[in-house]
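Single chain ahead, by itself, as structure tokens, in the form predicted alone.
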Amino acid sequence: MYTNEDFDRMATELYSAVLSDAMDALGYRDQAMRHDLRPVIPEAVIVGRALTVLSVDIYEVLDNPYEKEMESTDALQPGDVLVASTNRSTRNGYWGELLSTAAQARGARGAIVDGLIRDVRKIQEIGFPVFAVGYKPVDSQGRGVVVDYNCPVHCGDVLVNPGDLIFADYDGVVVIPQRIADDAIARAFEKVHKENLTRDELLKGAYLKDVYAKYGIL
């Protein structure tokens, strides 16, 4: 079980590209989400466990439109990352300032929304890390509804299961399945170490082919 201190270390020392490389080496080659999921705060790094949410478009105003939306947000625990699939909705402004505030107060480390969000300036002001496809000022009421959470979801073209590790930075979002997390993270730290050695030798004028032959890193 990873702690927030573990996640903090990963956020400081690792990055999405090296984790993607580590999963490539393990045979998991399709763990990077689509390129259009971008950070609201450019320097944000999100690392934590996935709490997944499934939302669908609707075309009527329900009597209790926010029931599972509130329930899923209130279910967040310290170290969680909310990962929301909206089925790529362009109608539904699923996430906003108040959900960000509630998630932050619950100890969540960020949110990944494969869809549209709103209240972007407010989210930036409170400093809650969110990745999303785009912005639209509409409310979810009558446009989308959360139908389930803590279930498998397809987010950013990657299957995400509850408890999978999420790592997101300016390059993008990667999903690390629980079953390979320890191995992938260990490989990533090892590669970072070798990349640092490679960089030092390149800065001293070594030829790339010679350094690659020595460390096998590019």
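Here, rigid core means the biggest group of C-alpha atoms that superpose within 1.5 Å across both forms. None of the values given here were measured: they were computed from a predicted structure. Start at 1 with the first residue shown and count on from there.
There is another form of this protein, the form predicted together with a further copy of the same chain, and it is not shown here; the text below is about that form.
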* Verify the contact flag for Phe189: yes if a non-hydrogen atom of it lies within 4.5 Å of a non-hydrogen atom of a further copy of the same chain in the predicted bound form, no if not. => no
* Non-hydrogen atom contact Ala84 with a further copy of the same chain in the predicted bound form at 4.5 angstroms -> no
* To do: Look up in the predicted bound form whether Leu218 has a non-hydrogen atom within 4.5 angstroms of a further copy of the same chain, and give yes or no.
  => yes
* Asked: Contact between Ile58 and a further copy of the same chain in the predicted bound form at 4.5 Å, heavy atoms?
  -> yes
* Contacts with a further copy of the same chain in the predicted bound form - residues in 14 to 43 whose heavy atoms fall within 4.5 Å -> Tyr15, Ser16, Ala17, Ser20, Asp21, Asp24, Arg29, Ala32, Met33, His35, Arg38, Pro42, Glu43
* Core-aligned, is the CA shift for Arg199 between this form and the one not shown 2 angstroms or more? -> yes
* **C-alpha of Asp21 moved at least 2 Å between this form and the one not shown on rigid core** => no
